[in-house]
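To begin, one chain is listed below as structure tokens, in the form predicted on its own.
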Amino acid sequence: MGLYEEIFEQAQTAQRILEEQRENIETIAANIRERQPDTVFLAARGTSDNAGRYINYLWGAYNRLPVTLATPSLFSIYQRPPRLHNTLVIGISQSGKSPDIVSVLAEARNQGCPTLTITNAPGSPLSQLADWEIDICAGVETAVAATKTYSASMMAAAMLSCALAQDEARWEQLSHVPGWITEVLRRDETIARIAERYRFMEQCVVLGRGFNYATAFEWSLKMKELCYVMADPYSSADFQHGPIALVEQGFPVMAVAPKGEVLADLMGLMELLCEERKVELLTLSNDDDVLSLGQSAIQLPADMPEWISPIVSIVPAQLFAYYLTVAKGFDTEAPRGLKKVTETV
């Protein structure tokens, strides 16, 4: 099985984690509510770090929990960890083996903090240090570029958010994720045609904000590791504080802009880039005005709430990266210099 097939497994993976992990996640949530942590400290690398960016917005907005992304080198190399009083410490890792992430949970245990791991490898070294474990139920992922483990990690985080808030309305919304992923996968041929347009692209920027700040980072990562494109991710706000000076006529800009509270800000920036800078714009959106704005557009499900959208919007972005890799003549299964499990210290 390769990258393409694993992209198409994501609807089934989302359904499986909903069915197999809800009871476990609700038990974990009850234990976390009992401990009443003041903050969340989250350790991850690479793709898992981008899942952490989603958690930062999601748990802040819906659970009123401040989420900090850890600096693992303080634990593993400098050996000067911060104080973690009354903090829930979470390690996200597909393999559960990365020594620097393991070192964060080990220190959290030493400081008496509650610990949780979100992983595709139950029983891993990271799992053995955790009070609680969420299995993301993705099954074997053979492609070097992570796809289904990324969306499944976000799915686990979204389920835990609902469980912590005891929010049945959002649980019901989450049940539609497998169907929404299936819907965007039907755009396969359209995405292949769009990717062909960008086959000579060597650099671009990827814009997102709010919940989809994570999507901008993950989409850019997929283009870097698969297509060797210098893709830089920005929030629409940060982009206007300097990086916008890079942009000139024909410069490729990718924007993740579904309906939601940040859409007006993104829309204003995209209009400026199109009208004044004449950029080459590709949008992921479910807003008709956004879809008609650029040269290329990929439609997202119309009724998808913003807080869920990163789990779905990354899927067409993954397909775009896959087809762009093919168009450029590179190997989708063997990105140069990379291996499936990266164990950093």
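When you see a residue number, it is the position in the sequence shown, counting from 1. Computed from a predicted model, the values in this text were never measured in an experiment.
From this point on, the text means the form predicted in complex with another copy of the chain, which you will not see here.
Between another copy of the chain and the residues 139, 179, 268, 82, the one pair within 4.5 Å by heavy atoms in the model of the complex involves 82.
Of the candidates 106, 247, 164, 174, 247 is the one whose heavy atoms come within 4.5 Å of another copy of the chain in the model of the complex; the others do not. Heavy atoms of every residue among 60, 203 and 261 are located within 4.5 Å of another copy of the chain in the model of the complex. Proximity of residue 241 to another copy of the chain in the model of the complex: non-hydrogen atoms within 4.5 Å are present. Remark: residue 287 does not count among the residues lining another copy of the chain in the model of the complex, judged by a heavy atom distance of 4.5 Å or less. Using a 4.5 angstroms threshold between heavy atoms, residue 199 stays clear of another copy of the chain in the model of the complex.
Within this chain, residue 225 lines the site of another copy of the chain in the model of the complex, having a heavy atom no more than 4.5 Å away. Here the chain stands by itself, but in the model of the complex one stretch of 312-320, 293-301, 25-33, 40-48, 40-48, has heavy atoms within 4.5 Å of another copy of the chain. In the model of the complex, another copy of the chain lies within 4.5 angstroms of at least one heavy atom of each of the following residues of 205-243: 205, 209, 210, 211, 221, 224, 225, 228, 229, 230, 231, 232, 234, 235, 237, 238, 240, 241, 242, 243, in sequence order.
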